[in-house]
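What follows is one chain in structure tokens, specifically the form predicted alone.
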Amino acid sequence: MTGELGAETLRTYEEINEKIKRGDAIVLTADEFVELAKSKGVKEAAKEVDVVTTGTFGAMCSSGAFLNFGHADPPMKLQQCWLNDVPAYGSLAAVDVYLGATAVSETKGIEYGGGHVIEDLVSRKEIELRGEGIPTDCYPRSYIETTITIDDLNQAILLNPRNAYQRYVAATNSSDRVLHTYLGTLLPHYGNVSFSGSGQLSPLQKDPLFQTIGVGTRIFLGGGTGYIIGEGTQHCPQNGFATLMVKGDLKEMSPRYLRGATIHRYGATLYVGLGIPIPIINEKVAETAAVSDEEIFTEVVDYSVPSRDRPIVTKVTYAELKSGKVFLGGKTVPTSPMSSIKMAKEVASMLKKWIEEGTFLLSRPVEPLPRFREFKPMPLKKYEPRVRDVMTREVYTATIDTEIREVAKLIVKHGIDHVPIVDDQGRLVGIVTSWDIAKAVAENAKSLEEVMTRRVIVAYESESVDVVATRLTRHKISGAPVVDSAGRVIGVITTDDLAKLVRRGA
């Protein structure tokens, strides 16, 4: 008998499920199967093992829950809804809302968000519900304020549009400032590499051809049973970035495997435990299930470049990433995971236990996932102003050796607030402002070196004005030098320049 992709069938779903019911199924975690295949070879391992269990536990921002509250008396149609001050999308049916994991509290900010509310619901904690609506004849109420628990809800369905990325890029930072990203805090000058995903434990690494993973596959989700309902958003399997859309009953899940979290200075999220059983139906599946961390590669990408197409610094294996260090930029750089390898192992082990106990049967997919999807960026059909469009090109600079008095004259003569400090090649080495000069005079400073700022926030002429405006606001500064790729000063952009742009558009 021949299975999918021309591979000879070793065992069917029905045969495996019968063995599970009898307690005879041989189940290994992905880690265990990799080691078995190394010692005995894939062919022999495939003959011995019925099911391989996988696991991942990481920040899955594209997660959320549909909640149905039931009707109040008198009833209302929720237009806006807040759960513990976190907004949920309410413009669905009268008392249905969708709570996104990355929504943030209107009182606590990113320290508490939708992911935290989901964890609190699963923990059976009381949640404060506040809702507003437009009164109608059949829904006369306009406001409601009450408390609920998950057991008060008719339905609480975890429905995650994009989970379990097949792999992630790893992130580093070549700039001279700290960056805060969805892959964690990145230290300057290639100070660290941050990565996500569980490598050889990752579900989609074990069956990248989707022979056993598809619509209807039963999975471990958040400590309960869930199902794959289709490809995830941004599904791009041809480049090794397949994703899954999954659902499950939130009432059956555990806060151990669903945890709200805040990524420092980035935002709120939800850590999700997800595991998929891989039935070894043929040797082709066994081959991919045996792939090890040493064979799984990903790119290390420089996140200091504010572009969709960030430069690739190098390629590394998950074995290197998990070792705690990689070689980058001529030096050994520490690595750290954003996801928990320990919890991923626990998910795979828990799923193995369920199957061995006969409480979890496998389901054959009713439809395969697509093996190719065109991955398109957002089209920008309206011109967005760039720094080059608004920056001041006539920039007045000084060197470290310039006297403070001369810099003060520059500021007064030209009515400027920012004077970049450059070396003899015109490369930026620091900056002083009119405030720095006033302080220097007040404190009787002897040189610019005593008062200038060395770690300068800069802009590039190709950057979007919107991105630079956000940067100025974040750092609470009124301007930044514009530099080229060699670090030479070619202009300056200030809040005054941005204000002129706004007035032109008015």
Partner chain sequence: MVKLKLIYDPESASKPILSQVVLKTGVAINILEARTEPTAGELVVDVPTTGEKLREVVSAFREHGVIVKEIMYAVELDRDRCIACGACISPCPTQAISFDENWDVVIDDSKCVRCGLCATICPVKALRAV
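These numbers were taken from a predicted model, which means no experiment stands behind them. Numbering follows the first chain given and starts at 1.
Heads up, the form predicted in complex with its partner chain isn't pictured, but that's what we're talking about next.
- So which of 303, 165, 271, 82 gets a non-hydrogen atom within 4.5 Å of its partner chain in the predicted bound form? Of 303, 165, 271, 82, the residue with a heavy atom within 4.5 Å of its partner chain in the predicted bound form is 271.
- Task: Could you work out which of 228, 193, 242, 118 is the residue within 4.5 angstroms of its partner chain in the predicted bound form, going by heavy atoms?
- Result: The option sitting close enough to the partner is 193.
- Heavy atoms, 4.5 Å, its partner chain in the predicted bound form: which of 295-303, 403-411, 252-260, 423-431 makes the cut? Say which one. Of the options given, it is 252-260.
- With a 4.5 Å heavy atom cut-off, would you call residue 342 a contact of its partner chain in the predicted bound form? Residue 342 belongs to the contact set for its partner chain.
- Decide whether residue 335 counts as a contact residue for its partner chain in the predicted bound form under a heavy atom distance cut-off of 4.5 Å. Residue 335: contacts its partner chain in the predicted bound form.
- Task: Flag residue 57 as yes or no: does it have a non-hydrogen atom within 4.5 angstroms of any non-hydrogen atom of its partner chain in the predicted bound form?
- Result: Answer yes; at least one heavy atom of residue 57 falls within 4.5 Å of its partner chain in the predicted bound form.
- Query: Would residue 187 show up as a contact with its partner chain in the predicted bound form if we use heavy atoms at 4.5 Å?
  - Reply: So residue 187 counts as contacting its partner chain.
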